[in-house]
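Take a look at this one chain, the form predicted alone, written out in structure tokens.
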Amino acid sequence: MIGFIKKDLAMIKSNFKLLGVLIIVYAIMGLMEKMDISFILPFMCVMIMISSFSYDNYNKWDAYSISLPNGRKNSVKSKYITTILMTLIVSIITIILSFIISYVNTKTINYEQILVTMFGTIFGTLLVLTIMYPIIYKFGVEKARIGIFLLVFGIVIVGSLIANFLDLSIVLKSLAFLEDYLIIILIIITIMMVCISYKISEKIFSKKEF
């Protein structure tokens, strides 16, 4: 398992410099009050990890990995673990930068707002992961990009229709009692989503022929 994770990190290490540059650029933009960095950087981790699927395909890694002990399971598991670890590490960096930017710009730090925003961002990032990875394992990176675009487009349309025909203020009021438990609920939902997505990806990959 450790070897699979090291392989994924080695393949994307060239992107670490780019990620470092982006962190600096977005931090500067945050200090200039041009951008909220909370949303961008964690999503970059998933985008970078998606590129590792292309590297795997180019280097015929999947065909080799299945010959290793527990190769199929470890190959899928390493993708999820590496992506989650990268997301959490970059999120921690983002939280620290957000604290610094908030203090420099306002001389105060709104800890609660920053942490709630980051929890929401982590939830959104891992939601993207849970949707995209099974699609990639099923159809490959290139076809998956089209499917993901159609999926996002469909979600936007459905969301717009719901917003037009449903009084969201009533829904929000009815869910107000959950506000104190929002973080716990998000954590539980996130863990469930990741586990279900992993099981689906594992099942798809276990039946794939190379």
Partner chain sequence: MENILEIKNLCKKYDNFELKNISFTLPKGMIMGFIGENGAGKTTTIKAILDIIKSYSGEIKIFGLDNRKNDKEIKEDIGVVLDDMFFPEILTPNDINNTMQGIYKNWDTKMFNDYLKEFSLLPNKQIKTFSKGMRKKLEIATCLSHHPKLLILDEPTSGLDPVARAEIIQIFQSILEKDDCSILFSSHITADLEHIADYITFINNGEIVLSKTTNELLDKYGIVKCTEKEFKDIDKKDYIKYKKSKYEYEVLIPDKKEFKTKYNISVIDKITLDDLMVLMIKGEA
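Residue numbers count along the first chain shown, from 1. Predicted model only: the values in this text are computed from it and were never measured.
What comes next is about the form predicted together with its partner chain, which does not appear here.
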Review point. Does its partner chain get within 4.5 angstroms of any non-hydrogen atom of residue 61 in the predicted complex?
Key: yes
Check your understanding: Contact between residue 10 and its partner chain in the predicted complex at 4.5 Å, heavy atoms?
Key -> yes
Review point. Quick one: does residue 72 come within 4.5 Å of its partner chain in the predicted complex, counting heavy atoms only?
Key: yes
Review point. With a 4.5 Å heavy atom cut-off, would you call residue 39 a contact of its partner chain in the predicted complex?
Key: no
Review point. 68, 28, 146, 185: which sits within 4.5 Å of its partner chain in the predicted complex by any heavy atom?
Key: 68
Point to revise | Contacts with its partner chain in the predicted complex, stretch 1-27 (heavy atom within 4.5 Å) | key: 1, 2, 3, 4, 6, 7, 10, 11, 13, 14
